[in-house]
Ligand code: ADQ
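Next up is one chain by itself, shown in structure tokens, the form predicted on its own.
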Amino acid sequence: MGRLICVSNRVMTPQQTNTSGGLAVALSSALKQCGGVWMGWSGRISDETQLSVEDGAFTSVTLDMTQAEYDGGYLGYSNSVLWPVFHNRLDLARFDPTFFEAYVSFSARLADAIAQRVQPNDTIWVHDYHFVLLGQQLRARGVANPIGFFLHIPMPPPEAFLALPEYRTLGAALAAFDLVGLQTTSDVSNAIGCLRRSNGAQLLPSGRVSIDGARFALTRAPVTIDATDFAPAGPLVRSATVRRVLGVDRLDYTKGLPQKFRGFARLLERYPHFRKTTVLAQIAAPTRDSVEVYADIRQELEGISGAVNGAYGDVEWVPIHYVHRAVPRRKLGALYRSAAVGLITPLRDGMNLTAKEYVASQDASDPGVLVLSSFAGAAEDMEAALLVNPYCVDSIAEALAVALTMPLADRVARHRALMAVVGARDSQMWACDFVRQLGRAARINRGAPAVSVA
């Protein structure tokens, strides 16, 4: 195989050694092994549309966005249309007809840059909802290399997907890829349903799909973490008097943070013996601050935490510790280990690696308990967690009560089962397996007779 060309919205340069996400670690490792190229947005806004190149263990190639591309394509179509629709929040989507043009514009310029640099034996791997059109744009420029796509967020049900004015265009664009990777079996099922209803897709043998004669494969390829990065180091340090329930999330309306706060308040209401002995510590890293709905949820959280702390707290004990900033990755392991309960309650999530990080960080002899939303992609394999309905505050409160009183033997058994899932594969294995599948899909996706989808 030749080089690997990875494409994502944000890019890690060869000089960046500290990163906040496991995905960046996995991609940089795969690129170093293959001698690859990482391409995407520079993070800068400039009408000069500057292209930057940095060489090292791999090469990074980044483009500036114009103001129109940033406002209409990134903030607009990517994060105010695709993000809410794919998370089944049609009520928050802004269907502005000018957004799609800007979304197309930056992706097309990136396709030009890739087409100029691609070599015959290269493999191209496109990541996430920012670049759904990129495979089609590359094919239009004569790029015949294997091209794969991985969607890190959930695939919506057909009813939500069909609300997109451009649903046929987006569905047809997926057919330009040789392999489309999704997080869960339900995502794969939703993808087939969306493509059947939007583009008349037909199902081929071995899971391949045909749209107007163009054939590609769908695969479930759940993202994972490097469990060894979070392995316990040093003695377990937990307060003897106050137990911590911990949440670590981006400040996003998909994460179910208001419901989490209200669920914790219901715990204190129903079970007064947890007052003064239990706190909820919520880390909410800022994200997309310039999108109005994110300012709204920040204000809502501040209001709920203030009300709960006012109702139940005193000068010696504050029930909710709400921190609106990111925590460095190197400090997360100790923070996870200090928590008796990891509370992860997204309303909808592609995977949620925080749940896996929490489990990997625990002391196996005295582990904490994971309380996890049934609507996180991670729940598909992490059945030993206490699974909850994040829309139901009573469900959250009851699970917290069980977790906080769970006997040691039960905690150890659940943790052992969860570690069997989390430790089975690391992020490098995930990346390498996807690239191998992509190579196979590119060789066999053409020539199979179509069978109608039932």
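Since this is a predicted model, take the numbers as computed values, not measurements. Numbers follow the displayed sequence, beginning with 1.
Keep in mind the form predicted together with adenosine-5'-diphosphate-glucose is missing from the figure; the text below concerns it.
**Student:** What stretch, of 365-373, 258-266, 271-279, 325-333, brings heavy atoms to within 4.5 Å of adenosine-5'-diphosphate-glucose in the model of the complex?
**Tutor:** Contact-bearing stretch, as computed: 325-333.
**Student:** Using heavy atoms and a 4.5 Å limit, would one call residue 285 a contact residue for adenosine-5'-diphosphate-glucose in the model of the complex?
**Tutor:** Output for residue 285 is yes: heavy atoms within 4.5 Å of adenosine-5'-diphosphate-glucose.
**Student:** Find out whether any non-hydrogen atom of residue 226 is located within 4.5 angstroms of adenosine-5'-diphosphate-glucose in the model of the complex, and reply yes or no.
**Tutor:** Residue 226: no contact with adenosine-5'-diphosphate-glucose in the model of the complex.
**Student:** Using 4.5 Å between non-hydrogen atoms, is residue 361 touching adenosine-5'-diphosphate-glucose in the model of the complex?
**Tutor:** No, no contact at 4.5 Å.
**Student:** Quick check on residue 350: any heavy atom within 4.5 Å of adenosine-5'-diphosphate-glucose in the model of the complex?
**Tutor:** Yes.
**Student:** If you check 179, 209, 248, 138 against adenosine-5'-diphosphate-glucose in the model of the complex, which one has a heavy atom within 4.5 Å?
**Tutor:** The residue in contact is 248.
**Student:** Using a 4.5 Å cut on heavy atoms, which of 161, 83, 253, 131 is close to adenosine-5'-diphosphate-glucose in the model of the complex?
**Tutor:** Checking each option against adenosine-5'-diphosphate-glucose in the model of the complex, the one that comes within 4.5 Å is 83.
**Student:** Suppose contact means a heavy atom within 4.5 Å; in the model of the complex, does that hold for all of 153, 354 and 357 with adenosine-5'-diphosphate-glucose?
**Tutor:** The answer is yes: all three residues contact the partner (heavy atom, 4.5 Å cut-off).
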